[in-house]
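What follows is a single chain, given as structure tokens, in the form predicted alone.
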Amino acid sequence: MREMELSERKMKILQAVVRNYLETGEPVGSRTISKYTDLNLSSATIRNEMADLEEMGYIVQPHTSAGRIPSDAGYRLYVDTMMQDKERDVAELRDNLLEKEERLDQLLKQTAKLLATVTNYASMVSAPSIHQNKLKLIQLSRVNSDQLLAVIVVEGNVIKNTLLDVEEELDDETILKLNILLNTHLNGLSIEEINLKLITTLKAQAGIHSDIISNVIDAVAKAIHEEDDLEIYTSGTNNIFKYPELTDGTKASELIGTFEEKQALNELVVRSLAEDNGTGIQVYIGDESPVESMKDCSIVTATYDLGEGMKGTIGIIGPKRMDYDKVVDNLKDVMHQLDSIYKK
């Protein structure tokens, strides 16, 4: 019996039977299904639909109970449908992210150029990084007989893929139960909230597959805390030569090197985001600068927020005698424009 032969109502009832049986291990009756679905059907109607599903071979009725349990065919249809839905959701999420990232990439480059032009100083804009660290989704799927793929999605829709080794091939039902177990307990939590008590509970419920739980928790921690090198866009470096106090041969060379290598700018972004006091604006004058080569400069940074914990830094670097009012006004304007454009 193919999936297309099931009406939407029958499919929802089958899904409710499978989910309820996976959670309780007990045969499922029509009264339970009437409370478990959003179909608003009477128990009599549900009994008729379940009778049809039984005739189709998707559920069976044990001799010891009036309730039903899924057959192998029912499990298969449920797993195939669930995996198709999950794969489609993840694919759509990836497509949307790629489209947004491409647009954002161009927008940030243009922002850096604009700021350098209107201020006559050097500018930098960092791509957003994750700052909420909440888990949104875990999806385990089979790669081969001894490996699982763990797709981990955290706040900001950051996706991390991790391969997990397994000692023996897991069947679809086991993988399904592990997915339900992990997502039921972990979705919406930060790594700090995934404590020893919760891990112990998960391992106990996973039984002989507790080692997989440990590996998934490790992968989640890595995905949440992993910080790739930030993408940083710069512009207006040559503006530095407009200011005599910054044109000393050694100083200018070090400054240019900082903009080219960008590692120190990465540290500036991290420091600026950490010290954000709620106004979004940070000012570093002379020796206050976290970047050694910029001790003769002033740096003004602004934090932009794209939602879901995605934050980045816009910075202006110039002489200590820079026009602070103009710089702060420009940064605030750009910061608010980025916030509004991306959140549309």
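Please read these numbers as outputs of a predicted model, since none were measured by experiment. In this text, rigid core is short for the largest set of C-alphas that superpose within 1.5 Å between two forms. Throughout, we count residues from 1 along the sequence that is shown.
From this point on, the text means the form predicted in complex with the DNA, which you will not see here.
Quick one: find which of 313 to 321, 283 to 291, 296 to 304, 46 to 54 has residues within 4.5 Å of the DNA in the predicted bound form by heavy atom distance.
-> Flagged stretch: 46 to 54.
Give a yes or no for K326: in the predicted bound form, does one of its heavy atoms lie within 4.5 Å of a heavy atom belonging to the DNA?
-> Residue-level check for K326: no, no contact with the DNA.
Considering only heavy atoms, tell me if R9 and the DNA come within 4.5 Å of each other in the predicted bound form.
-> R9: yes, in contact with the DNA in the predicted bound form.
Any chance V60 has a heavy atom within 4.5 Å of the DNA in the predicted bound form?
-> V60 lies outside the contact set for the DNA.
Is there a C-alpha shift of 2 Å or more at A44 between the shown form and the other one once the rigid core is superposed?
-> Yes; that C-alpha moves by at least 2 Å between the shown form and the other one.
Rigid core fitted, then: does E288 show a CA shift of 2 angstroms or greater between the shown form and the other one?
-> No, shifts by less than 2 Å.
Superpose on the rigid core, then tell me if the C-alpha of S30 is displaced by 2 angstroms or more between the shown form and the other one.
-> After core superposition, the C-alpha of S30 moves 2 Å or more between the shown form and the other one.
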